[in-house]
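The chain below stands alone and is given in structure tokens; this is the form predicted on its own.
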Amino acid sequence: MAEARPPRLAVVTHAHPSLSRGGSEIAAYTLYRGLLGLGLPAIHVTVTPEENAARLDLATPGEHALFLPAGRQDPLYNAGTPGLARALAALLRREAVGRVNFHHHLHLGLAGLRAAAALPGMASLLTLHEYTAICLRDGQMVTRPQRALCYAASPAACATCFPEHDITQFALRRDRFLAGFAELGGFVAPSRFLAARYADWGLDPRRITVIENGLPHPAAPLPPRQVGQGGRWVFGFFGQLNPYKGIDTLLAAAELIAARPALAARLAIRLHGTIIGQKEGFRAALEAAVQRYPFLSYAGPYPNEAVRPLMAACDYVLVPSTWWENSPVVIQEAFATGRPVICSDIGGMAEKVADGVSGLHARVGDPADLVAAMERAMEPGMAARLAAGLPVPCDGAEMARRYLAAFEALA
């Protein structure tokens, strides 16, 4: 008898790579393409605000879109809308989906998660990105307005950050999320650190499987650059230049480097990315720093396809983020290119980058320690030694296999 084909799998996410290139939407799309590459029946569903409809570009026949009406976002309780929940359930029934993997609850809301998970015979997994169920501040777990690291959420602590809401609202928010999540089959965390944070918050750790996000293309490491006599060591930053990515720390480090002309003559710092969410005047301050420091340059935005060639032109990749991070795509891209990483010593960054093995750690938010790590990186033989210790990140096909195993474990 012919072996029965597995039930169709739907990957449901809050955004599409044609709309934005954040880590969660790239991970969801990578999983979808990885499933197709294995010859498995899969669809990709984007749930996004209706104002994005004109910009959405669905590339394959298996891609679908559902739209959240304007003004219906609910960041506090993330309840979702009945109409959108019904539309998702109808789509999954029509496409004969038997397994659903949510790559966020944003836009879809708890109503959508519940409606899909309640379909007869449906197996469901929610991939946790950032800490959005725990923290109202974009899931960053950073206090407001001080931007200090938050080590443990509680209704009282959250109400301190958001005095416009009271303690009972935050207690209700947590209870509603946990009740909605209880109806799902299980959870995936791209890092052990994030899994532990959600376990501390209230999820049963036995229901969380750690699966690293895959990259769209296999790793293709390049040998370390040869820094010739009189040449400079090149340190590259890649990604959004937003308040959480440590750009302030990096610019303060540049000021310390400029005060040491011999050190400044040995290195170059290149910033690649889009300026998002920075205070008014940040661009002017950045441009002034670039004019003031010959070793500092800002190259602007880049297409995702260009990231590896740009990284290959560097000796090290800098990830000085001042929030916990989860599983930064930039770290995986650096490893796939063969470049060690200098990162902050917290959260998913410290988990992914082994200090002294695949990169170096610097104290979070400490420009002097970041400079010290860069100096250490330039020591003879360090770059080659760290390059030899780089792990090989998984691609879409391997990511798909690991997710299939997680669904099998649900049974």
Partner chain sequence: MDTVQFLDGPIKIEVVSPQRGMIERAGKFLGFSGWVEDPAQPGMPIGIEVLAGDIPVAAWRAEPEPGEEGRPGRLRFRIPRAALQTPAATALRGLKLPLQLRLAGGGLLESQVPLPLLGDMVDAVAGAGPDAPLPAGAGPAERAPGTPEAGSPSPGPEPPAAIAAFAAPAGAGPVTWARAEAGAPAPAGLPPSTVTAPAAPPAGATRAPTALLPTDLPDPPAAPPPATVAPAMPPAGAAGAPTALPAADPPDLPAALAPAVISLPVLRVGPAQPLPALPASLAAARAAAAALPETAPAKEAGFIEAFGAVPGGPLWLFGWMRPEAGLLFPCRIGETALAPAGMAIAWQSRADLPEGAVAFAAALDTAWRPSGDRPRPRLRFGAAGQAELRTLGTSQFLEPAACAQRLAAGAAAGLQGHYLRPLLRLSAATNPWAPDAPEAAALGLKAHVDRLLVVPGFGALVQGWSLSPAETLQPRLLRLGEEVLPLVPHSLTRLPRPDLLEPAGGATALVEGAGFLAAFRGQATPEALQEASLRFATPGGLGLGHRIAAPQLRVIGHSAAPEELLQIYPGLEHEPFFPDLARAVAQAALAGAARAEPLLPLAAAPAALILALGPDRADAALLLAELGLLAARRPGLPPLVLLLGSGAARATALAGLAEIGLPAAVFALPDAAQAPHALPGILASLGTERFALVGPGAFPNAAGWEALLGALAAPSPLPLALPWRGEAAAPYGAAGLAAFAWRRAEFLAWLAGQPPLLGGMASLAPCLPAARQALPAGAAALPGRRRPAGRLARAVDRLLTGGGGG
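Nothing here was measured: the structure is a model prediction, and the numbers come from that model. Positions refer to the first chain, counted from 1.
Just so it is clear, the following notes concern the form predicted in complex with its partner chain, a form of the same protein that is not shown.
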| query | finding |
| --- | --- |
| Region of this chain that lies against its partner chain in the predicted bound form, out of 144-152, 95-103, 71-79, 260-268 [heavy atom, 4.5 Å] | 71-79 |
| Site check Gln291, Leu360 and Arg363: each within 4.5 Å of its partner chain in the predicted bound form by heavy atom | no |
| Sole residue of Asp200, Glu183, Asp138, Glu255 within 4.5 Å of its partner chain in the predicted bound form, by heavy atom | Glu183 |
| Listed residue (Arg225, Arg308, Arg207, Arg114) with a non-hydrogen atom within 4.5 angstroms of its partner chain in the predicted bound form | Arg114 |
| is_contact(Ser297, its partner chain) in the predicted bound form, heavy atom dist at most 4.5 Å | no |
| Glu164 within 4.5 Å of its partner chain in the predicted bound form, heavy atoms | yes |
| Proximity of Thr168 to its partner chain in the predicted bound form, heavy atoms at 4.5 Å | yes |
| Contact of Pro301 with its partner chain in the predicted bound form (heavy atom, 4.5 Å) | no |
